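Only one chain is shown below, in structure tokens, and it's the form predicted alone.
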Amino acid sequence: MNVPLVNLRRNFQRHQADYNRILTETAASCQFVMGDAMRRFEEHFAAYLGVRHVLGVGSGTDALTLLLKAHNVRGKRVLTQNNTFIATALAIANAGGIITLCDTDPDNSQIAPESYTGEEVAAVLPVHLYGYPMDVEKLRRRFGNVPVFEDACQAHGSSLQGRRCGSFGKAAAFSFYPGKNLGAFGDGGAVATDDDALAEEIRSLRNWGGKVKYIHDREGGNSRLDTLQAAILDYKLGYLDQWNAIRHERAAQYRRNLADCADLTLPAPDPEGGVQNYHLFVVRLAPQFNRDEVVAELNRRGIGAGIHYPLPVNRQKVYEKYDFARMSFPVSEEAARRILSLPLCPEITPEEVDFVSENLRSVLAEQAR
């Protein structure tokens, strides 16, 4: 049996007729950039999130960068968590901000604001990591009126206290990379916000710094969500809650299968009043195991286990200039050595979940000998 981390091929095969129709109709419209389909998706996704504005851009990284540029963080400290994909930190740097890190909560891998004791920050950029909804009010209690920008690139459909992730802060960034819960057929992203002025700024920044063709008020860039991608996303949005519910069912099956495995720490359950979308199902191995060898053996057996992420931001060579290496991030650094992601997507079958679970148990038993 072969079980990929995310089975995009199976999704395409199940919806191929609709995808072909949408792509053909959109191509026939010849509205390839910022067309009607993009505006429809922006409206529908804004309604889904419960915000006033969604602005489609070229990628999740662009979404993060543009919302920080629009807030003008140049030369200012922006706090984020150490255990995140490099794009979170990269966006701060791209916007001219100063990357500032703190450690993470050992229970749910989210930002731990109490661990930060450094200089004043101009903004906080938490990550709804793996689709687990971060309690933004916790940040407000720690940092007061400092604006919060959500990295919701993994949190499509996650919610807390009846509100969707992406609607809590001043603005939020989403990625539509193909493997996301709401994924395009290539790169894509969006900024979500209730702030009218910030939305107008991003509309300009994504379109060469202008609102009228050939008239440029500021130095912007070229970051527009392709119309073809928007049309696919608008279709997939109609399935998002259904697909997330299947993820939740398969995650519950993993929990039942692995509940008595003393060598594993399973992901945090849903927070009180919240629902995670299980973008990833990340387990943590006991310290005595060699995580990389476990992943390699699972891969050899046809199981697409992965690592999200093997090297935290403070250990990335590109940021040696910050001298993060001399700082202490014990929780996120320890997690980076022990975590692994098991296959999970709406297309994974119960039989495949059992197969993965059984093989994980087998590999751990062999290593424990």
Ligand SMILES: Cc1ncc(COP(=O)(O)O)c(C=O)c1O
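For clarity, every value in this text was computed on a predicted model and none was experimentally measured. All residue numbers are counted from 1 along the displayed sequence.
Below: the form predicted together with the ligand, not depicted.
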item: Candidate stretches 30 to 38, 324 to 332, 55 to 63, 299 to 307, one within 4.5 Å of the ligand in the predicted bound form by heavy atom; value: 55 to 63
item: Answer option from Cys165, Ile111, Val191, Cys153, heavy atom within 4.5 Å of the ligand in the predicted bound form; value: Cys153
item: Single option in Asn277, Ser175, Thr227, Thr80 placed near the ligand in the predicted bound form, where near means a heavy atom within 4.5 Å; value: Ser175
item: Partner contact for Arg247 in the predicted bound form: the ligand, 4.5 angstroms, heavy atom; value: no
item: Proximity of Leu285 to the ligand in the predicted bound form, heavy atoms at 4.5 Å; value: no
item: The ligand contact in the predicted bound form: Leu233, any heavy atom under 4.5 Å; value: no
item: In the predicted bound form, Val127 touching the ligand (heavy atom, 4.5 Å); value: yes
item: Within 4.5 Å of the ligand in the predicted bound form: residues from 83 to 117 (heavy atom criterion); value: Thr84, Phe85, Ala87, Thr88
